[in-house]
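Only one chain is given next, in structure tokens, and it is the form predicted alone.
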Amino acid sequence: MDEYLLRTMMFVPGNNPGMIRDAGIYGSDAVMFDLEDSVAVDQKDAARFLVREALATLEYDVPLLVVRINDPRTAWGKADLEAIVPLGRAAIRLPKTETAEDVRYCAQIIEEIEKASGLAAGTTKMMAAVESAEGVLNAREIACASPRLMGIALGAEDYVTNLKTTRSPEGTELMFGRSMILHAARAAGIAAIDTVYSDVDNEEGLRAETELIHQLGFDGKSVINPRQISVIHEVFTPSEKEVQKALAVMDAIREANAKGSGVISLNGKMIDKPVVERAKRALRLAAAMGTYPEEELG
């Protein structure tokens, strides 16, 4: 799961040529070209063509490219998959996922297109967006539905509408959904991505919400404006104290290995696997922000 850092996934409307062209310059960990909700019905075909041509011809300095398709049970969704999958460049984000069967249905279409295109089976990864009460209650089954799945995300706007409520600054109404998504992701060994923060001018609110989801354990957050990226990355960056502690853990491991000892300790305390995993992730996050040399990660 941790092949990619996914602190930020920036939404880019599939019908906006300027944003599509510039999508790679803002420093997000992933860019998601949207062919679904942000594209009007009469622009679906044009957006699909635009995104396909961009993926086929432009170079993006972004670790992960994603395309949010329309429902694959519709003609639009099938056409989206037929246009994007043969390129072998982008993961597919499945919208409004409610059951494991939704994932398997899409995965089967992807497999058929990969085979027809001469791509190796499993080339195309998937993400599932959960946006309803049914989807939240089925989150674990969804997260475990296909080996193609690399992440599961919460789509809050449709979710709170389905709950017959609205979003609050505190996010109380999202806590159950967030917890279900997070636990499902961890059980499946995939990434958990939080929903967008829609008030792009409220940096304080964005920071507070990001601190909350970071503490919960999410891998990152979707963004709708490039200005949100640096705030989220700052929240996910380990403090100097955390980095020094992680370095001490790694030094203790190297010392134990040099002695041929299977017992690793630091300041008189045993170091177990969870401590090591947290140390490695802290250093990787620090490296992503340039506060720790990436070449030393090993």
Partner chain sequence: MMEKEGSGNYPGVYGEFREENAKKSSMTLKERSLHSPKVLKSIREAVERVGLKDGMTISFHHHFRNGDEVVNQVMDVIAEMGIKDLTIMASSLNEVHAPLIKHIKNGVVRRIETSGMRGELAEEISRGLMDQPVIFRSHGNRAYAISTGQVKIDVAFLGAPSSDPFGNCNGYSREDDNSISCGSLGYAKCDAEFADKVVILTNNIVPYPNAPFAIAEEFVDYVVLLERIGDPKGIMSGATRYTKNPKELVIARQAADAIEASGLLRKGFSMQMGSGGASLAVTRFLEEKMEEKGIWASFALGGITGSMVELFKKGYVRRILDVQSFDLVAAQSLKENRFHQQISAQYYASPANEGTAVNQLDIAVLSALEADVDFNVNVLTGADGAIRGAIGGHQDAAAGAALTVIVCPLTRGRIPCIVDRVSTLVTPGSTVDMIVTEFGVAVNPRRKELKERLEKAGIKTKDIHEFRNMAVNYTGQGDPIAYTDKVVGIVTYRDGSVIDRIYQLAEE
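Because the structure is predicted, anything quoted here is derived from the model rather than measured. Numbering follows the first chain given and starts at 1.
The following text describes the form predicted in complex with the partner chain, which does not appear among the structures shown.
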### Query
Of 223 to 231, 149 to 157, 100 to 108, 169 to 177, which is the one stretch near the partner chain in the predicted bound form, taking non-hydrogen atoms within 4.5 angstroms as near?
223 to 231
### Partner contact for Asp201 in the predicted bound form: the partner chain, 4.5 angstroms, heavy atom
yes
### Message
Does any part of Arg21 reach within 4.5 Å of the partner chain in the predicted bound form? Heavy atoms only, please.
### Response
yes
### Task
Please run the contact check for Leu58 against the partner chain in the predicted bound form: heavy atoms, 4.5 angstroms, yes or no?
yes
### Task
Between 25 to 46 and the partner chain in the predicted bound form, list the residues on our side with a heavy atom within 4.5 Å.
Ile25, Tyr26
